[in-house]
Ligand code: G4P
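Quick setup: one chain, the form predicted on its own, written in structure tokens, and binding and motion questions come after.
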Amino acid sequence: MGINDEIARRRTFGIISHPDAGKTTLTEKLLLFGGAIQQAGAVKSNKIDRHATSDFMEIERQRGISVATSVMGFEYRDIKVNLLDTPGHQDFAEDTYRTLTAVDSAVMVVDCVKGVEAQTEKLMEVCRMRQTPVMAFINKLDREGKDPFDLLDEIEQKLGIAVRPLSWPIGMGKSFKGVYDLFQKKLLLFEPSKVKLSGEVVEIDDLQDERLEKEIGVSEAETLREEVELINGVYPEFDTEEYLRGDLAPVFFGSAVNNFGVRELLDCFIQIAPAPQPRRTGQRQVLPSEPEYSGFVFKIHANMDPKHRNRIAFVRVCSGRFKRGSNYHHVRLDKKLRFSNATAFMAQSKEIIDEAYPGDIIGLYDTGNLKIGDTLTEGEHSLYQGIPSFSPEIFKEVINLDAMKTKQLEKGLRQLMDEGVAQLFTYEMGSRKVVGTVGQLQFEVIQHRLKHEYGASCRFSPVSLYKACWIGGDDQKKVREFVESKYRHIAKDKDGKWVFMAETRAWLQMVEENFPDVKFHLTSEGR
């Protein structure tokens, strides 16, 4: 099979949602339908009986949430599906933003009881910025929720995207009987089952077919006919090109925990979702079909296997063919690296692979050469764009509780920062270390992992800071003068870049006015 055939049969997407919308459960069921697993783990109210396949960190198992992106690959109907399950919790939004740089499309999960929530709106903004095609799955139809038409209106109004339902629920809550697949003209009747595939598919091309009453009842059949007629009158015909441009979201209804509507989502997805797309570097646009390999690091995770202190870089293949054991050019370091161990992921299990194609996510074992945003090529010197660090919301100073474990603490902090868990700022004066995060929960994760993975104990002391601003400017002499004049408030990030630690908004504005030749950036990429 040639490279173009390999590209055409790949679909790489991320699952995004507000916490507790059922994203990880949907991930499990997609794997179940894809044959990648035989039995799913059930996630219930922060207690996990059989651990969810995609949650492999100890703290995730304790809390019942996803705090790190998981990568899973499986084959479904001759299509290679690469699925990235992202953290739903808003405290880990930055990991999700980075993950969205590595996908070609997204599936957005919406809770039918709560509707569109704040985190979903933020994630949709990121998708819109990148013109990422989005499909919506309205979940938990086995519960009494909002009217389906009201949910569609909410998606259009809050997320600013047109919708077209491609499946439709029959009842809701206790009266929920299944879904009618508008895309393939099929009636789907399922028995609720949380761990195995069950159910019956009835081919009904014409909703006037008398068998409809027999299958779902007279009243339900009449309601379904009326609602489908209304859908066809109100919403335009589904246009694949509009979806691929990111202007239209096809919508599916179901109950992931009970396997309602998941197969229909998957069947439609492999038909309409985009194959691997071109990517921009600083110099040009790179096509997937180009013969020379290139890819970028969008995530790093240390200690995925507690028995082996390993460090794995997650790489999105963008062009050409990756070959295990080959030498590749590390653009930032300007040197050649050889990767003899390359892995494909199935959540926490991994397998050695010899080659990978555009759209694939591979894991490269690394000793510290790779960082988030790094580009690997077969010789080209251009870097892929679009993986910034954002100024954190909460800042706390690291207090070492065991002076004998200082080296372990520093190593742990360095590796966790390389993973993008949080950001570390080291003050030039006094070498104080301050960790910046998006949310409070990240400090718990850092503390837990430092203790259990590195044997280092610390506590975090709150620091009154407004923003961390990366410093830049055309006149380097003026930049140096500023750094010298504000020495007590200057820190370096993990990459050695100058950062101004502004204590208040008013002070930052005053400093910007007093030093017009210095640029203050709220993202490291803007610097």
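All residue numbers refer to positions in the sequence shown, first residue = 1. Keep in mind that this is a model prediction, so the values were computed, not measured.
There is also a form predicted together with the ligand; it is not shown, and the following applies to it.
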| Considering Thr99, Asn82, Asn139, Ser294, which brings a non-hydrogen atom within 4.5 Å of the ligand in the predicted complex? | Asn139
| request: Work out which of the listed stretches, 485-493, 22-30, 464-472, 498-506, brings a heavy atom within 4.5 angstroms of the ligand in the predicted complex. | output: 22-30
| field | Whether His18, Arg143 and Val257 all lie within 4.5 angstroms of the ligand in the predicted complex by heavy atom | value | yes
